[in-house]
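Encoded as structure tokens, the following chain is the form predicted on its own, with no partner shown.
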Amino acid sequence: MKQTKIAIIGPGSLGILFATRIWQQFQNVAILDYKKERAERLASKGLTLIEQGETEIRAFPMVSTEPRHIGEQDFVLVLVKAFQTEAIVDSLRSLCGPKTLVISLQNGIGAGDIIAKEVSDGNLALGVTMHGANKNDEGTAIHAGSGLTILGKYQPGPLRDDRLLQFARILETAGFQSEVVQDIYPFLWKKLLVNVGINPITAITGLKNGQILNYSHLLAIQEQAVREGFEVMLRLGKDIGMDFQQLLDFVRQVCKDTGDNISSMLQDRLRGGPTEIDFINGAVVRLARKAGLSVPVNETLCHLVEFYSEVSG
């Protein structure tokens, strides 16, 4: 019986989380890295996932910087930062055959459109995951929170084959509660609007997610940023099944539930690297222009995050 081949692009915190758990169940997992020396070290020492602060799970997937060495896969899971998407598109030519399904679980809106330049619509799926992980060290991640992983095809509509359902079953077997939907975009927008109201504020202030709730000025900025994104979404004809107040309450509940988390955008800024601001608040700005709307708060947040990233770098 043919063994399912799964490649994960990106050895970041979520890449380690998914690779470790999937490898534990299926073994035939490969990771594509872009740093040769790091790839060699990870291939030698393996990956470590720390669950619930103490339990260690080890995995020893193949790790390579050469897509052709990994070869054609059944599934390719993209977990690089959204701003790195353009750089990995060429690698998909060696990883993908006519039946390969590519799944993006990246933040924001726009990364999937970049992948679609190389991968046909029928072979591309998008998703959101509520799992959180923090990178503790090279090759080691701490599983910081669990939740549902939702998957859907890049072009919404009924499934024409069972590959996405098969991938969801793989995730379920690996311990990730998963669901396949006909239209992924409401879920992408909901997560986007949560990130719009949390990530840039933490990146600018250096606060943890929950600390936003302690400052009325920051809550006012959060409300305005989320409102602008919500209005853009409505203008584009999207619906997440919530009115604005319900959405804002949800954003603040996420702040509370993830109170001790350091957002990925703040982590990126502290490392002095680029952030995903262009695919989060920047996506709101771009789509607002197409929709003929003004989003000054989101524009300002983009400028401030980019400024602090440059200063930190």
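Predicted model only: the values in this text are computed from it and were never measured. A residue's number is simply how far along the shown sequence it sits, counting from 1.
Another form, the form predicted together with ligand PAF, is not on view; read the next lines as being about it.
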item: Partner-proximal stretch of 55 to 63, 41 to 49, 283 to 291, 253 to 261 relative to ligand PAF in the model of the complex, 4.5 angstroms, heavy atom; value: 253 to 261
item: Triple contact flag 107, 191 and 199 to ligand PAF in the model of the complex, non-hydrogen atom at 4.5 angstroms; value: yes
item: 4.5 Å heavy atom contact, residue 209 to ligand PAF in the model of the complex; value: yes
item: Residue contact check: residue 195 to ligand PAF in the model of the complex, 4.5 Å heavy atom; value: yes
item: Members of 15 to 53 lying within 4.5 angstroms of ligand PAF, judged by heavy atom, in the model of the complex; value: none
